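In structure tokens, the next block holds one chain alone, the form predicted alone.
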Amino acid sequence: MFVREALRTGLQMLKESAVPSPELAAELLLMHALGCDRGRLHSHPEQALSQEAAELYLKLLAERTTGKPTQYITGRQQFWGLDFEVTPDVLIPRPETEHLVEAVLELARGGAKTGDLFRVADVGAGSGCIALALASELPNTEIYATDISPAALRVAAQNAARLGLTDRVKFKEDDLLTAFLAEGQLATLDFVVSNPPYVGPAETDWVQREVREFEPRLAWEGPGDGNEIYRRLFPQAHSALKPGGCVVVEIGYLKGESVKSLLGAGWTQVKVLPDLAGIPRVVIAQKA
């Protein structure tokens, strides 16, 4: 089997199983089986696969046809130009979440003075993608990243070590900012950022099969109407932020107004930012 033939075979198998983005999945799985990058893959279409590589590729394709996400099969996902390890213990980082990172960077750089040290809390850190992306861009930053899942925190810590950012990001098991505030950390943060679970139980039927059956529900399904985490987080964020500090959160489809309404008193400069498709994606509010 040659590379060109392998890609055709993979594409056919994935299409027959109605796998989303089958071309991309076939490429990524073949790259993983061969241990090469996309440039190498497409510049050598007549390269013959060893029997071992061909068998591995077919095995990976079979896994993908079950609905198992490509990222869990390869164990990798790119986010903000960084390579993250992902396992079924963490939500797979999405390109849409990069809008949250962009929003924080714009706020930080817009109000920064030379030598300013920022203190940030990333609530619900998961793989660590948000915290580590921010740490890679803001050298004068201390980041406190929390998650209620010990398994997720282990993945995040491994990503921090791989990216050489262990000294910049501290991961801690916490229910939102409960332990942080219990330690007396009041009015000490410049930013509280979060991509919380926001899919309500009544909305789970709309969720893609790959998410519903394979990604950890704790990371994507919110209690109650899906807004409960915001209800709990906003008062905690207000207590933890310095005056003028900002809370920046990702939101679900068409949830901009409902999330804004949960902020309550004590906030100003409230904004809802869209993603590239024009869908409301990020809510920002500044502590008065």
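One rule holds for the numbers: they count along the sequence shown, beginning at 1. Computed from a prediction, not measured in an experiment: that's the story for all the values here.
There is another form of the same protein, the form predicted together with a small molecule; it is not shown, and what comes next is about it.
A.B. asks: Among 154-162, 168-176, 191-199, 136-144, which stretch sits within 4.5 Å of the small molecule in the model of the complex, heavy atoms only?
C.D. replies: In the other structure, the partner sits against 191-199.
A.B. asks: Give me the residue from 87, 97, 185, 74 that has a heavy atom within 4.5 Å of the small molecule in the model of the complex.
C.D. replies: Selected residue: 97.
A.B. asks: Among the candidate residues 49, 31, 219, 60, which is the single one with a non-hydrogen atom no more than 4.5 Å from the small molecule in the model of the complex?
C.D. replies: Flagged contact: 219.
A.B. asks: My question is simply whether residue 132 lines the interface with the small molecule in the model of the complex - judged by any non-hydrogen atom within 4.5 Å.
C.D. replies: Residue-level check for residue 132: no, no contact with the small molecule.
A.B. asks: Is residue 91 close to the small molecule in the model of the complex, meaning a heavy atom pair under 4.5 Å apart or at it?
C.D. replies: Residue-level check for residue 91: yes, a contact with the small molecule.
A.B. asks: Might residue 121 be said to contact the small molecule in the model of the complex, defining contact as any heavy atom within 4.5 Å?
C.D. replies: No, residue 121 is distant from the partner.
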